[in-house]
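First comes one chain, alone, set out as structure tokens in the form predicted on its own.
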């Protein structure tokens, strides 16, 4: 008797139609049954959300979608193919280069190479020119599935690939290679059909990168690049990159004297007096917004291992925590590992849970919202540190809300309005993303089902649009993330609303219900700014250092033309300060033009120039940032009132000047 034929796979199309295919059928052949025009436009397919290219066999049934250039997922396929084409070009010109990894990333792609000498800008120009030749040659991406032995033979001269092959040992994962022309790479895919699809791309820069991200391993040369389907999109992206360089918070922060870093405290910022004023203004703003509805508390920075085990962080997050040696544990004869039995806190959650647990609560007093601005520490690797956006010491506007399950929808709406209103003050807009359970998590599937269902229902009840982020939730619960767009179109993940059913179980949290019985609350983790450090970096770049008047460390600079009017200038400065305006008097002996230029470089919103005529009339000649040489002569009273109105309104820009000087 002959063996039974394998069961057919059922693929469901977006319109509900189905296709039954044999396992191993190429995805392109499935697309061909839908229509020849669609096959011509197809770049890849998605089966139950997993993207694969047209030359990969179909191995499972499910929801089947064809990915064309219009699909947001297509860009990652194009960019991954771009990385492969980059490697092809590099191997043509530098056959000695050993091949590492080449993934697509959020704004482009990169490829890592092991070479004897670093790449130069001239090398990048040559590689880009060679890539264009590879594109013009229209090589198809030929996929092959190979055995471990066959793969080792193909990559016998490439130690990085041989090491990568070790990851497949004992695994059922299919080993695949892709070949375009003379170059073959070990790769899962997916790729576009051939090299000609990569039309609009640019090699951007090089950087050192440790092999497999391990600082104990050899340093490789990473080439960063980007690609788009349309020329105008590439040009817009390159323009944003140039604009981002001008706005780099590390450069602008130094120019405006806001913060510094020292090697004695890696990953921790020193805030100057001007920077500290910026920080305090931001902190007071969010305190003001939270004063009526939130309870601020301060909690310790150092906790025992027992707390982190209870919260789940010791098992899931230990490598990111700064562990502290316990002298008493060591003296009791504990091992070196056991003696590291305390940690600086990387987040505030457990401390808030402890505080809630220590008190009795009634259903009537929920929700309880505890907020803390304490310093936190996370052990980021030194190579990942980057200005204020990636640090080891930081502060968060960190809040935990303890509420009844029936309050979830109303609380999520309240928090969403609170967070979006906060961003609106700075001229920032946000997109919402719903993130589901990750592979590494705590808690039962039942709890996760409840948490995901409740949070998603609450999100949908607001009527706001959102995108899905499958598998990107916190290890203890699903979340709503806020991706904030700045003034040059870059997205930053900032705020979050995370629903947690696990913490109440782990910390035995309770409240007394209307039935006089004990009930479990639900916990919401909420952040608005993320970390203050990172948010301030974003604001520096968003405003290019030209902060709104209310936020600016220095709001007015008074400039006396001569010593003859210095007394009046100091009187004006004192008067503005008494009204709560951050004013300074620049009485240096330098020329007026030099002092005006200095005020412009420091991006002071207003300069008040005082000559003999202004002093005699009780007036100031006001110059507004960004208005060129225009100035208007006004009374001190009206100038002060105007400033206070703008500060109270938190206006985004200073009001324009009137008459020409």
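Positions refer to the first chain, counted from 1. No experiment lies behind these values; they were computed from the predicted model shown. In this text, rigid core is short for the largest set of C-alphas that superpose within 1.5 Å between two forms.
FYI, the form predicted together with the RNA isn't displayed, but the following is about it.
This chain is displayed alone, yet in the predicted bound form one of 382, 429, 461, 362 has a heavy atom within 4.5 Å of the RNA; that residue is 382. Among the residues 137, 563, 417, 96, the one placing a heavy atom within 4.5 Å of the RNA in the predicted bound form is 563.
Contact check for residue 150: every heavy atom lies farther than 4.5 Å from the RNA in the predicted bound form.
The RNA in the predicted bound form is approached by residue 213, whose closest heavy atom lies within 4.5 angstroms of it. Within this chain, residue 530 lines the site of the RNA in the predicted bound form, having a heavy atom no more than 4.5 Å away.
Interface membership of residue 170, defined by any non-hydrogen atom within 4.5 Å of the RNA in the predicted bound form, is ruled out. Shown alone, this chain has one stretch from 219 to 227, 465 to 473, 291 to 299, 190 to 198 that lies within 4.5 Å of the RNA in the predicted bound form by heavy atoms: 219 to 227. Within 4.5 Å of the RNA in the predicted bound form, a heavy atom is found for every one of 206, 378 and 591. Contacts of stretch 390 to 419 with the RNA in the predicted bound form, defined by any heavy atom lying within 4.5 Å, are made by 390, 391, 394, 396, listed in sequence order. With the core superposed, residue 474 shows a C-alpha displacement of at least 2 Å between this form and the one not shown. Once the cores line up, the CA of residue 428 ends up less than 2 angstroms apart between this form and the one not shown.
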